[in-house]
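Shown below, as structure tokens, is a lone chain in the form predicted alone; questions about how it binds or moves come after it.
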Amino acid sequence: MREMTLIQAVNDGLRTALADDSRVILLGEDIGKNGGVFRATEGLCEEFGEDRVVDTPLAEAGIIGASVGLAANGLIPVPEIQFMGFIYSGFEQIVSHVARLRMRSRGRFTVPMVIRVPYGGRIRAPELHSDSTETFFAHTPGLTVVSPSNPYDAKGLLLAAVKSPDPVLFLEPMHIYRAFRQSVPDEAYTVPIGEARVVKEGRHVTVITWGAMVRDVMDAVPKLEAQRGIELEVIDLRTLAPWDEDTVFASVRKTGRAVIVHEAVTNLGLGAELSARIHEHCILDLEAPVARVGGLDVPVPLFQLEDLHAPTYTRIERAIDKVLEF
């Protein structure tokens, strides 16, 4: 076991995947000798060579398209897109080919690839570097979408994604890349895709969140509980598509109240789908309508206003009070 940050756990997961399976190949902009824009691939080119850690031109559509061909011919490509806002030029490849090849070929071809994408804001980056548009991909049949909230899950989910026979979008929350350390096993292990984690058990309100917001919610919990004399149950969704209905529904049936917190804009965000499904399946157990706390419905602003775009403590607090006082 070693104490690692989330970005170090990603690096360790990639190293483990490269060592365990000769079919794994990394590709992306500046991921070779430079080690990647966030250093997620640091040292891997020196260890495994330029044939398996491949620097590419600045061409996201080409990176994704080349990965489709590699995957269809027996390799396991792990392309890196530097920022979520840069993935849009590769969007057509993802929704038209990556997500559809299994169905289009009637199962003759699958696309075992893992698209790594740093996402989210609050790192003081310029425009297009802080998007949180996971809904675009969670909405697309054929894609699995995961997002770790801590170093242990980062390595385990990444290795599970590499073993998946179908494409996985692996969303890495930049805000907590180096925010804290956690013990991570040296050996290979997997965290099951499709299983949420109950981070904290409680009786009065279920808070559902993922990625960087898990840490924000957990930081807010002690004060919220102390002031109101309540116990919050916190769920880290971990897999955004397909998400773990059983864990979410069981928690909501226990507490009767739910608040969904995510960094993406609120309008048509993943929280809307979660809320709709909870109402459809748990309506007779609800003591109040489900509340959502998301990013403001504007593009992520420049850094002076960036912290106001993501859910703040005050907005989470208001949502908790709203479902308690209904």
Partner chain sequence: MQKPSDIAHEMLVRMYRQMSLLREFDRRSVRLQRAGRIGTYPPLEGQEACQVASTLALRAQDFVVPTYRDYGAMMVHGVPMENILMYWNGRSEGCEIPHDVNVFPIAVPIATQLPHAAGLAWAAKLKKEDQVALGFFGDGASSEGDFHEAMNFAGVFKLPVVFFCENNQYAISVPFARQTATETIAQKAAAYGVTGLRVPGWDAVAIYRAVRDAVSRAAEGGGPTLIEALTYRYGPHTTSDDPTKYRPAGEAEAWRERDALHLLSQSLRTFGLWDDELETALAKEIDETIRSAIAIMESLGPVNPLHLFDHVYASLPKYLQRQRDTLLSELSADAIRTSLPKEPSQ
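Residue numbers count along the first chain shown, from 1. Quick caveat, the model's predicted, so the values are computed rather than measured.
The protein also exists as the form predicted together with its partner chain; that form is not presented, and the subsequent description refers to it.
Heavy atoms within 4.5 Å of its partner chain in the predicted bound form are found in one stretch of 251 to 259, 189 to 197, 78 to 86, 134 to 142, which is 134 to 142. Taken together, Thr239, Leu270 and Leu286 are entirely out of contact with its partner chain in the predicted bound form: none brings a heavy atom within 4.5 Å. For the chain shown alone, Cys282 is not a contact residue for its partner chain in the predicted bound form, no non-hydrogen atom being within 4.5 angstroms. By the criterion of a heavy atom within 4.5 Å, His97 is counted among the residues contacting its partner chain in the predicted bound form. Although the partner is absent here, Gly32 sits far enough away that none of its heavy atoms falls within 4.5 Å of its partner chain in the predicted bound form. At a distance threshold of 4.5 angstroms between non-hydrogen atoms, Lys223 is out of contact with its partner chain in the predicted bound form. A heavy atom within 4.5 Å of its partner chain in the predicted bound form is found for exactly one of Gly62, Pro301, Gly49, Gly43: Gly62. Along 34 to 59, these residues reach a heavy atom to within 4.5 Å of its partner chain in the predicted bound form: Asp51, Val54, Asp55, Thr56, Pro57, Ala59.
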